[in-house]
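A lone chain, given as structure tokens: the form predicted on its own.
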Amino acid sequence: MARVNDPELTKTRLHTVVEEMYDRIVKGEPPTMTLPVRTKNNIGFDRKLGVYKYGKKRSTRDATSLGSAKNLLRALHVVEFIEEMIEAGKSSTLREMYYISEGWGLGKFGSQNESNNLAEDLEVVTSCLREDFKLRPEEDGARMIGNITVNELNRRGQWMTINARDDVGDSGYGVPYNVEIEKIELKEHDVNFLMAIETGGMFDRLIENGFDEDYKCGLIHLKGQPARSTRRIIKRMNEEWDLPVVVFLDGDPWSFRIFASIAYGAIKTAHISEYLATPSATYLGITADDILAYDLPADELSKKDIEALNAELSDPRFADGWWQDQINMMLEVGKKAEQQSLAKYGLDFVTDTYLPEKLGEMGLA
């Protein structure tokens, strides 16, 4: 499935949502909207793409109850709102759309979560991206630093050439919400691999220690659970430049899920996994065996941590033997550790010892 990236085709696909409802109404039947079941039970591994995607199970929303009727009414309002933005050359945040719905009478949203979910539903039904709908998230994307040069289209419609090392401060280049080709062109680079990093403190530590220059790599701060634009820019650089991707996170079940979303896709965005996921990404650490091998300061697993780890044992994204071993080891050890726990051995230990050793095992140092 190719990306739409055509305003007229986007509108045409949105009209199919309206047509399904209209065709039912003229037959004297309740209007409906059909979409894939968006649960873990309907996710399967796509061997061709190397990512996890929704299966063939479908659900149908109809207007046989007040709540369902309101959802369909909201969908019609959103379709109209998106079409107006496309024609006006405007964009909106998801939060703005939530407040704009105050003027939609019975179609107004009851919560931000409802408006976010409906935007995702329309992506699923139309095979378009949120960027095609001119909808922006509230959160910003990653910070990136390294000898990477991009062309970015600014708000005045002018292309700017930006080097993520020479043209930025220590905070790095801020990745915009839309990183598709009409907004960001990947121009050139002089790096050997990309390292995605969970925490801001570790990202800043590596910059201060000059790690990106010493090891010719691009550093990307994920800001916790990465935004879609973050995952997409990683995917594009991996594919278009053939750059290896390593992921450096905290050693806990929640960070394991961050890696899974980068490598294989997340349940919420399984409909666009081929756009966002980087199947060749490698988990660098912190691993369960790192806690033992480096005798890292660690915290006891909480009840929620244990529940999350047990759930991951049956998650198809963690089905391979290495992940099963790591999860079982963490459950056996009963400990979790943060990236910053490496500071036990001094501020330079992570860049002088830990990362060189781990990258060496991967053939990247």
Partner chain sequence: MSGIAKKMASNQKQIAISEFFEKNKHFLGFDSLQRSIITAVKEAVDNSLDACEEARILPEIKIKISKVDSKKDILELVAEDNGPGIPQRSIEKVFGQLLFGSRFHAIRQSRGQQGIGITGVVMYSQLTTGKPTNVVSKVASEPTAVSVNIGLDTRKNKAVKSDQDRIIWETDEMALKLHGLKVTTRMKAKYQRGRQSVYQYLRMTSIVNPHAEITFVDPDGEKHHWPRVTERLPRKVDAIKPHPHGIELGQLQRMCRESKDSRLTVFLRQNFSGVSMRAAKELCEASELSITTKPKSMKPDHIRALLEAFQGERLVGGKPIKLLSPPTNCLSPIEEMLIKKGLSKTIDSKFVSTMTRAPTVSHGNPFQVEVGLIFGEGMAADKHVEILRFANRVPLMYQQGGCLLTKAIESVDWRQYGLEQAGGKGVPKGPAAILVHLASTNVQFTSEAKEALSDNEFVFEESRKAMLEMGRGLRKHLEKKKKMAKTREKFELINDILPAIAEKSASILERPVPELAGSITRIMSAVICNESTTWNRETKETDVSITLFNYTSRARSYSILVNWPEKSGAVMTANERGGRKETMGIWGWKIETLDPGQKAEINYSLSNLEKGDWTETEVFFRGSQDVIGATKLDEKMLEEIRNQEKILAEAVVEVGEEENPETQYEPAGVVEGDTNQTTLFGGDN
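In this text the structure is predicted, and so the values were computed from the model without any measurement. Whichever C-alpha set is largest while still superposing within 1.5 Å between the two forms counts as the rigid core. Positions refer to the first chain, counted from 1.
Quick note: we don't show the form predicted in complex with its partner chain, though the next part is all about it.
Taking Leu94, Ile207, Val79, Met85 one by one, only a single residue has any non-hydrogen atom within 4.5 Å of its partner chain in the predicted complex, and it is Val79. Only one of Thr60, Ser302, Thr64, Thr39 comes within 4.5 Å of its partner chain in the predicted complex through a heavy atom, and that residue is Thr64.
Taking the partner from elsewhere, no residue among Ile286, Asp295 and Glu357 has a non-hydrogen atom within 4.5 angstroms of its partner chain in the predicted complex. The stretch that touches its partner chain in the predicted complex, counting heavy atoms within 4.5 Å, is 27-35, out of 309-317, 27-35, 333-341, 46-54. Shown alone here, Leu347 lies farther than 4.5 Å from its partner chain in the predicted complex, counting heavy atoms only. Residue contact check for Leu9: none of its heavy atoms lie within 4.5 Å of its partner chain in the predicted complex.
For Leu129, no non-hydrogen atom is located within 4.5 Å of its partner chain in the predicted complex, even though that partner is not displayed. Contact annotation for Leu73: at least one heavy atom lies within 4.5 Å of its partner chain in the predicted complex. After superposition on the rigid core, the Cα of Met33 moves by 2 Å or more between this form and the one not shown. Superposed on the core, the two forms differ at Arg24: its CA moves 2 Å or more between this form and the one not shown.
With the core held fixed, Ala293 shows a CA shift below 2 Å between this form and the one not shown.
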